[in-house]
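Before any questions on binding or motion, here is one chain by itself as structure tokens, the form predicted alone.
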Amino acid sequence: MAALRGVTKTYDELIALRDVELDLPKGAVGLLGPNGAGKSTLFRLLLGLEIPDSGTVDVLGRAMPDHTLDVLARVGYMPEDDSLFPGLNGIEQVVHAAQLSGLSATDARSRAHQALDLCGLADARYRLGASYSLGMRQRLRLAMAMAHGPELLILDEPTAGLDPEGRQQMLDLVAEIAAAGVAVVLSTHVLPDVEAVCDHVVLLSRGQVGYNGTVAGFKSGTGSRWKIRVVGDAQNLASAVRAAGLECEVEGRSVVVSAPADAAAMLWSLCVGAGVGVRAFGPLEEDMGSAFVRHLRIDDPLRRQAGAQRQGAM
């Protein structure tokens, strides 16, 4: 749905994106990254609001920003900030957004009613948007983003500030939209939201792509993770694991090892060789939060580059 090739974007001395190579596939894609990672800049490039310093950006097969108007007629965008038009009721908000996307007044009104029905706002369509609750305002902004029938929907923190019921309503809507064939890019700090509705993850870190692949791959890395709780000094086992060429972390009396799924016998031998007793031993099911931290620490592109330079100097 979108492709970036060698894209760099700077603001004065700040490098927001650095030589980014990225393909965004069809389906639902979760865009993750800490604050300042480059997510907002990526969105602005996809929407034609920024021009890269170098490299190319294609959206829906069109080069940006040369074809911005054509692309925006096929893209929906729900910003994080409240973006309602003052003084308009629900249906007027959506009609106006649809007309800005290129629909005629008649088509815009028809599509606006459909979008409000889908978003559960049929009974509130003639109320002022300013009177809506936070959850209703979020769903109204989603209706505004999709009323013109976009092929690609870009959502920036769509569940921010919502209570559990409102969050689930929003996620159900996003999942329904994606199931209907609309490509979705969802940026959020709520990691379980990505796991709930997305099948693909892109992680940005310091302006570069730290991960680009499936949700399952994001959680499991290149192999599996094993947690071994020991009786004795966990550092002894950690030293043996590292000597065997495996990465590990010590968490109190436990050692968490990155190793293939069939590594049980090898890991048990390492425990015996290290002279530690084993209290618990088994594969570790990683949640999204743990995977996020691990990728930022291990898969950070600048850290990998620094490690390669250190190895080259040895």
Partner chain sequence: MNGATLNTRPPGQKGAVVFEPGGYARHAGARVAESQRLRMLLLVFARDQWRTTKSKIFAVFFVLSALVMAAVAIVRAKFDVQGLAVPVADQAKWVATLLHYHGLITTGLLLVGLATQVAPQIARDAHEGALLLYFSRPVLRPHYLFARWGAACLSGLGQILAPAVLLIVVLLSQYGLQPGGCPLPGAAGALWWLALLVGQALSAAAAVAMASLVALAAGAIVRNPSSAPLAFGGVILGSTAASWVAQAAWGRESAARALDLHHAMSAAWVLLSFPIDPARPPNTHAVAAAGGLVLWIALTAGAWWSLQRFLANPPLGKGRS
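Positions refer to the first chain, counted from 1. What you are looking at is a predicted structure, and each value in this text was computed from that prediction instead of being measured.
Note that the form predicted together with its partner chain isn't included here; everything after this is about it.
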Report task. Could you work out which of 87, 217, 161, 192 is the residue within 4.5 angstroms of its partner chain in the predicted complex, going by heavy atoms? Result -> 87
Report summary line: The one option of 212, 236, 169, 110 with any heavy atom within 4.5 Å of its partner chain in the predicted complex is 110
**Report entry** 4.5 Å heavy atom contact with its partner chain in the predicted complex for all of 72, 83 and 97
**Finding:** yes
Requested in this report: With its partner chain left out here, work out from 161 to 169, 228 to 236, 174 to 182, 192 to 200 which stretch has heavy atoms within 4.5 Å of it in the predicted complex.
Outcome: 174 to 182
Report task. State yes or no: in the predicted complex, is some non-hydrogen atom of residue 224 no more than 4.5 angstroms from a non-hydrogen atom of its partner chain? Result -> no
Query raised in the report: Does residue 148 make contact with its partner chain in the predicted complex, using a 4.5 Å heavy atom cut-off?
Result: yes
Requested in this report: Examine residue 279 and determine whether its closest non-hydrogen atom to its partner chain in the predicted complex is within 4.5 angstroms.
Outcome: no
Query - is_contact(residue 144, its partner chain) in the predicted complex, heavy atom dist at most 4.5 Å - result: yes
Requested in this report: Residue by residue through 111 to 137, tell me which have a non-hydrogen atom within 4.5 angstroms of its partner chain in the predicted complex.
Outcome: 111, 113, 114, 115, 117, 118
